[in-house]
Structure formats: C-alpha cells, structure tokens
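One chain comes next, on its own, written out as structure tokens in the form predicted on its own.
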C-alpha cells in the first residue's frame, strides 16, 4: 500500500466499550526518512450521536457533522474550507475486535483510502480552536517573462515513483538512463528532484540539502555534463508537503542558492502556505518567487503547483510562471488520469502558448496502475493539451513497450509544436470524444477517444475540427499513412483507447 495515503486506524476495544469513542485520537504516520504527519480527531459520544472536530495537516480545525454511532459502526462528515469553497468529506468506520478502520471516499479519481488513529486521551473535547490569523498581501505588479519554455518542458520528475526515497544516486542513475535510452534525443532534458531533498538552514539562513544529497552543486554539474538540465522543488510555506523546509520568508535567498547550485527549473508547491497566507494572496505569493528567480542571476523555469486554485490560468503567466497546475494531484489510475485529462481541462486552451502552459500534472506512464492502452491515451491527451511531459516512472526498469510510448517522436512532435495551440474538445457523444488542435503550417492533430467499457467506432468530422476540404490522414501510433479523406474519418477504438491522427490539407 502507498505509505503516503494508507494506514490503519487502531482503536482500543476496551476504551470503546467503557468510554465510547469520546476523547482525543491521533493519526501519526512516520515515514522511512523520519518525517512525520499527524492528524488529530476530537470526538464526543452522546448516545448514538457523535460530535467533535478534526485537525488535518496544513488545515485549520474543522467541525464534524452528521456524526452517528450504530453498534460497531461510526460515521461522520467533515466540511472544510477549500480555497473559498466548502468541501464535504464523509468518513465511516467499522469496529472489528480491537480495530476500527476509518475509510475516506475516493474523489477526483482517487480510490478509497484509509486512515489510522490511536486514542491518546478520553478527555471530552471543548470547542475547536479558532483559525490562525493569515497574512494578506496586496496585489503584486506583473513579473516580466523570463523568455523560457517556448515549448512545454519535457523531462522526468522523481515524486510519482520515488517520493521520499529520492536521492543523489537515484537522480544520477536516472540521468544516465535518459541519455542511454534515447529520451534525451527525444527532448526529455529536465531531471527534476521533487520534495524530500531539503535539510536545515545554516546560521545565515541558507538552505542545505539533507544527507541523501551530499553536494547539490556537484549533482547539478553531473547532470549538466550529460547535456541535461536539473530541477528542484520548494514551497512558499514554512514546510513542504512532505514536511521539509520551505521557502517562507527566504524567497530571494533560496532563489540565489538555487542559481548558485546550477538549478534550471523549480516546482513551487503551495502546501503549508495555507497556514500562513490568505489564499486570496496566492498570486502575490507566487509573484514573490517569480521576481526572485528573475533576479537570481540564472535562467530558471518556474512551475507553479497550486492545483488550479483561483483560476490559475488567468494569472499564472503574470507572476512569472512558465506553467501552472490546473488540477489536484494525478494518481496512477484510469479514473484519475481520465478525470484530470478530459474533464478538468475544458475551456483552458486560450491561456496556453509559448512560454506559458496549462499543467495537468506529471505522467504516470509505466508505474503499473494502468494498461498500455490507457498509457497511450495518457500520452496522446497530454500531447494534445500541450502539457509538460514529465515522466514519473523508474527509467532504469522501464519495459520496451513503455519506452515505445514515451519515445513516440510523432506524438512528442504534437506536444512540442511551435504554434503552441492547446487542443479543445470538438465533439462528444456519450463516452466518445474527439479533441483537436491546430499545428504550425495548417495541419491538425486529432484524438479519437473512447472512455467507454468496450470497443466503439469514433468519428472525427472535418467540420468539427475546423478543416475545410480533403485531408491526408496519418495514424501516429501505427506510424502509418491512411490515405485521403474528404469529410470525416472513423476508427474502431478500444475501451479506454485512442486513435491519434495528424491531418494535412490534401491540396498542399
């Protein structure tokens, strides 16, 4: 099971029998790297009714509602403020012997998860603590463009596969693999270290890497010696998502440190910034680092990771961003990938272009949670969306079939098309969708997608695509010319699959 999201809720049966669930319960995860994450649950039982509140990492206290006790079953809801919107999460638990497993529903494509608590007292809870005061920043002036990322960045990121276990050795081995397996030649040039590299700050406040990264400049030099670029990760909050040191109140200092190390790319993840900033200040907060990077003395691609909050597509470029996340985190499942890729990217195309890109999150291709058919859909859709292509698998163990997906140069060319126009959905009939984007020189890329449970015929009509007259059709996964079609093209597309086409006007 995933150590980041799954644990077991262990309760004392004798406590439940004698005092019920009343008291303070603590969920404490300890990770192999020594970092911890805690969630507190204060409960009060009154007959069959349950009240109290929950304090989650990087969240203020949230009261529980609709709390019920029925024999060995408990259930309740928690409503949290989620960047100005109220999000309700329903929890349920089953007591078995001396254990109670508390389940969280899957949402946004996530599977059902479980949490783990242990009773630390039987104290009756009082009212929840009030929210902590937040810093509110005035709107910031626009940050000038850094002139980078004229096409969507391509490379690799450590989190999806290695998470907290990333190390100097893993990064070097990945760089070696990128050179050896042809990914460098295909355009994958960024080797990005995600969370869990940070150590402590020295007496002058300079951030230092932890023991897994003995010399960050030497690592950057090694990556550069391979003809590649190196990326790093931080947060505008005091702590990162994995509870490491963030850049709060050290923005300029950290930007100069990153530049001195030779960093070429930074992913800047909101995380604990919610604990210190009013979320309405988010654009100004990101502008602080955007300006710091611009003045760092080194060109550094700036990737905003803020989950699409406050319509980030409307302000991401203004704060110096080269890309901005449009959704929550992706998971290695069809449900997550398809929800993020299809449902959450509608109406975003006008905001993408050379130097500034919508980012539906990293690639999960090769991590094992989807079929190769689904991974081809993943790669096709991200390329149509002009999204950053950041592989997230273990490249030292990737199968030939997975490498064929990642290295399809005809598909990559769609993503990297210099016109920089993102695809839009041009037709939808139930589970069947057609997405299309114009390409430089008058051609079009068209994806025929089948989100349904069985093979189905999908038709792309030239009138929907915006193409007038006949077109030469090429299948980019079969690497095969399919002749000239006058008005439309149909394909039998497998369940969760795609037919990806390039259309060129036949008159050319």
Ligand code: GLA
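Numbering follows the first chain given and starts at 1. Computed from a prediction, not measured in an experiment: that's the story for all the values here.
We do not show the form predicted together with the named molecule, though everything after this point is about it.
Although the partner is absent here, residue 188 is not a contact residue: none of its heavy atoms lies within 4.5 angstroms of the named molecule in the model of the complex. Remark: residue 334 does not count among the residues lining the named molecule in the model of the complex, judged by a heavy atom distance of 4.5 Å or less. With a 4.5 Å cutoff on heavy atoms, residue 161 does not count as touching the named molecule in the model of the complex; it lies far away. Proximity of residue 344 to the named molecule in the model of the complex falls outside the 4.5 Å heavy atom cutoff. Using a 4.5 Å heavy atom cutoff, 241, 269 and 362 all lie near the named molecule in the model of the complex.
The stretch among 395 to 403, 280 to 288, 168 to 176, 193 to 201 whose residues place heavy atoms within 4.5 Å of the named molecule in the model of the complex is 193 to 201. The partner is absent here; in the model of the complex, the one residue of 329, 252, 433, 114 having a heavy atom within 4.5 Å of the named molecule is 329.
For the options 222, 307, 91, 261, the one in contact with the named molecule in the model of the complex, meaning a heavy atom within 4.5 Å, is 307.
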